[in-house]
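Shown below, as structure tokens, is a lone chain in the form predicted alone; questions about how it binds or moves come after it.
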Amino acid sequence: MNSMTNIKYVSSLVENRFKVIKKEIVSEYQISFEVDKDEVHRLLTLLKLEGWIQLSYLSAIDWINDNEYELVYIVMNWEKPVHVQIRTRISRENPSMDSILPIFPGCKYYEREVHEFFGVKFPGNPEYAKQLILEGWDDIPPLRKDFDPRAYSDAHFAKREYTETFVNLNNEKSKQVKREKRKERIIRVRKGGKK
């Protein structure tokens, strides 16, 4: 089957069984469906039974103005090479989504990462709150749009003063002079001058 036939196949499969809020054909190899939060597990189960056996991705998008997170699951079918995105929105106030661990056991680390970077809870995954990357993190999750990296840096790290003088610590000849001459030569050539 060609890729557009696979897109039509998965479109029919999903749209005949689920209320799709939004559908987007991303490319000839990828399609996206937005569904209600309560439909995600059933839809992922159906897709897995139909050959979409690899969970390739799970992440979140912070829609701070809508006070929501959008969870994005991407599954892949090797027989019908089409990536399917399943998207759903959850509240930012108390972000929680039941784990898909029973469907895709490999989600364990994806869910931990989404919890760590966005604060989404995944009941059903006993390890979702265990730190994966940000060891010893003590602030709001850093990929939330209300996280202030400057304030975090000021609170946790010594203030540095930067000067205009740079010191070469590698005992190598500075390349700055050569770069400046090259820049001047480029400007001359652009203005019609000689190299």
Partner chain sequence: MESTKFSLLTKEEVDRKWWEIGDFFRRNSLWMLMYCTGCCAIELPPAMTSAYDMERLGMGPMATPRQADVLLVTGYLSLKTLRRLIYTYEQMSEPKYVVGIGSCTINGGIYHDSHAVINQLDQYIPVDVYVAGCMPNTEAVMNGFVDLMRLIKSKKANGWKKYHKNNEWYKKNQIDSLGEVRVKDEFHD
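Predicted, not measured: the structure shown is a model, and the values here were computed from it. Residue numbers count along the first chain shown, from 1.
The next section is about a form of this same protein that is not shown, the form predicted together with its partner chain.
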Interface residue in the predicted bound form among S153, S27, S56, N67, criterion: non-hydrogen atom within 4.5 angstroms of its partner chain: S153
Interface membership of D146, its partner chain in the predicted bound form, 4.5 Å heavy atom rule: no
Proximity of R87 to its partner chain in the predicted bound form, heavy atoms at 4.5 Å: no
Its partner chain contact in the predicted bound form: K130, any heavy atom under 4.5 Å: yes
Non-hydrogen atom contact E135 with its partner chain in the predicted bound form at 4.5 angstroms: yes
Within 98 to 121, the residues that have a heavy atom no more than 4.5 Å from its partner chain in the predicted bound form: R112
